[in-house]
Ligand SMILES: O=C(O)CCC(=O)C(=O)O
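One chain is shown next in structure tokens, namely the form predicted alone.
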Amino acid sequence: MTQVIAPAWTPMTDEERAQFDRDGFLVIRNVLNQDEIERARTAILNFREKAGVTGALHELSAVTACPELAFLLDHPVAFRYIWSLLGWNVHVYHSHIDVHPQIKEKTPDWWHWHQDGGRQNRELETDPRPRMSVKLAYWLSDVSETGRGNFTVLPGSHLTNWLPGPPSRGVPWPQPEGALQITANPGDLVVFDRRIWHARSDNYSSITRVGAFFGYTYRWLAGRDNVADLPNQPMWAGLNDVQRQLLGGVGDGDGDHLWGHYPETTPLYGELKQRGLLDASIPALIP
């Protein structure tokens, strides 16, 4: 598991890329500093309180719910994995914030294992299906031990279209052989291929599980997040151009722009070009 903090605006290493291609995920330690952890955690817990939620929270459209989280969209230590893998013509299509307090009684068995992408996993015909998107999971609570609602993965399963499971989700069924509960400290990051089979485990600890998740894909794929009204909000003026691109605010919905036909007016392309990071050996980074 990778533990080296990278300087801002550097690509992922060849070793990281090989590990990601093999396992379908990376664990990156100490991505957020203490101030960033507190900033993000406080924003999420404040939203939960204002929403009147006392139990578990799973809220879609992270920045719409918590504008204070916009800095996570392009956090340089984390975001480098997105443009290294997917290139410059990307946006956030699906995001959510999660709060899961302690479960005091064992819950009924429920099959949580899935791949991200919804209908992509029914309607794309190749084996394995294409990657399409990559997700960043920021941990804002201590899940350094198992049993705390840990993100659970089946390493290498991103190359497998089908996982044997129960006939219906409520039927008791053993965990897949080789399932791994990922342990992480506040400020750690998990980068994962949307195809990897994964699940959230139950939290029987006294520590409330808090996290923020951002899924990135190509701009020519429709987004799931509710961000249409964001350009009309006061917070929009405080965003940088790359953040606006990631929230769908570049190109005015022009299909050719979304297809990547105008790189010179696509902010992330400009940032990478200015820094000499348009590596022609990586297809998604070619203009």
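No experiment lies behind these values; they were computed from the predicted model shown. We number the residues from 1 along the sequence you see.
The next section is about a form of this same protein that is not shown, the form predicted in complex with the named molecule.
For K135, is any heavy atom within 4.5 Å of the named molecule in the predicted complex, or not?
Judged by the heavy-atom cut-off of 4.5 Å, K135 is in contact with the named molecule in the predicted complex.
Contact between H114 and the named molecule in the predicted complex at 4.5 Å, heavy atoms?
H114: yes, in contact with the named molecule in the predicted complex.
Considering non-hydrogen atoms and a 4.5 Å limit, does the named molecule approach F213 in the predicted complex?
The answer is yes: F213 has a heavy atom within 4.5 Å of the named molecule.
Does the named molecule get within 4.5 angstroms of any non-hydrogen atom of W88 in the predicted complex?
Close contact is absent here: in the predicted complex, W88 is far from the named molecule, nothing within 4.5 Å, heavy atoms only.
Which is the contacting stretch out of 162 to 170, 103 to 111, 191 to 199, 78 to 86, given heavy atoms within 4.5 Å of the named molecule in the predicted complex?
In the other structure, the partner sits against 191 to 199.
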